[in-house]
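Only one chain is shown below, in structure tokens, and it's the form predicted alone.
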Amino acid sequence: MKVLLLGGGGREHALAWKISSSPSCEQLYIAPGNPGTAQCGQNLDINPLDFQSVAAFCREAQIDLLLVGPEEPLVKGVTDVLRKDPAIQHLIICGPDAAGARLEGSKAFAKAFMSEFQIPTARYGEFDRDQAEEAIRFLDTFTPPYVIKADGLAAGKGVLICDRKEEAAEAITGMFSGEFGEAGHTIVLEEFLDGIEFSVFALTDGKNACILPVAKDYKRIGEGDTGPNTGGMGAVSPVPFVDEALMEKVRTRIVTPTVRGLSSRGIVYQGFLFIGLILVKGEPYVIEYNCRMGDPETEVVMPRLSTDFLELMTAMHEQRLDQVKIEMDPRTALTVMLVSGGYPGSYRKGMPIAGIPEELAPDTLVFHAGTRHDADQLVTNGGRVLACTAYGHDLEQARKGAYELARKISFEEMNYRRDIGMDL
């Protein structure tokens, strides 16, 4: 099978690593990829948002499977464009069309969808930029803290939690004034749910869904979940507090109604469904949907997925995921994200990276997130730079392995959280 993977971050390196291990993988291309994905396949100088170039390459290279890593191409309709091309009607596409991707592309759409199909989520209100006064008054219907979400895509940073009404009012004004660009022209105000978060990943063929290893990620920049939100500072899988009884609630109350709801709207959703959940007094509630795998959760989910990845993709395409049994590595996987100084604010690029072992210790992996080559030197090229993943027979052993690996690597102003998994 010839595979094209769109994207160039840590998620895509983990996906490329998993795809390349499949006996069915004849050739793997990654567009644009990074130095890590280059170890798994051939990187291409193609912008994932240049849909015509993506389609042309699929035709020329006779691609069998297209896997879309990041959300932006999906929200902007890459699947729709490729589905209309008569020369590549055979193409397996893992990623929903633009209608399905609205679950991530619009917070307001997602909340209305959950309301319609009685999927448990926080109480909310939706407001446009000409309704600032109404939005601020709506805050009085909640008790603090207040949750303010930009409706559109904001690189994982469009959610603010404010302790005081004055602070929340400033956040509303800032979003409507363009702080998150067009993403904040509509906002969602939500009731704050007090609980512990976890992430469920399902692969759906439009009728059936199979659930991949569950994970928990860490969004805040600082230890103890302090400071601003980031794209993710680390992740753990499995999650100790997620037992089979809880997963049965997730399946019956959330995953199945979501797939049925999409189908009832005429949306044939084939791809990953990432459901951000919060456990409140033993009950799961949806915080958000994403239309792709998470990052850095993929860096622990893929290492624990034992089922052949390309067999899963074929079953998805043929709408027979109900016949597939997901096999998982019983060990714990934990990843720690090494980030640039200043992230998630402004940061410098081009810092030389040293210390990545030429031969990794058993049960450890390094996934490239924001790196590039400057001549022969590997340098930083993003806020999140490398993900250090380790397996362990328990959480503590996985933590030890990931942090031992992290301490070997260095670049100027490198930062990472030292408490990933310590709350579990």
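Note that residue numbering begins at 1 and tracks the sequence as displayed. What you are looking at is a predicted structure, and each value in this text was computed from that prediction instead of being measured.
Quick note: we don't show the form predicted together with a small molecule, though the next part is all about it.
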Proximity to the small molecule in the predicted bound form, single hit among 85, 191, 72, 126 (heavy atom within 4.5 Å)
191
Taking the small molecule in the predicted bound form as the reference, which of 246, 209, 108, 159 has a non-hydrogen atom within 4.5 Å?
159
Which of 302-310, 255-263, 193-201, 336-344 lies within 4.5 Å of the small molecule in the predicted bound form, heavy atoms considered? The stretch 193-201
Is residue 219 near the small molecule? Define near as a heavy atom within 4.5 Å, in the predicted bound form.
yes
In the predicted bound form, residue 288 touching the small molecule (heavy atom, 4.5 Å)
yes
Residue 122 within 4.5 Å of the small molecule in the predicted bound form, heavy atoms:
yes
The small molecule contact in the predicted bound form: residue 139, any heavy atom under 4.5 Å:
no
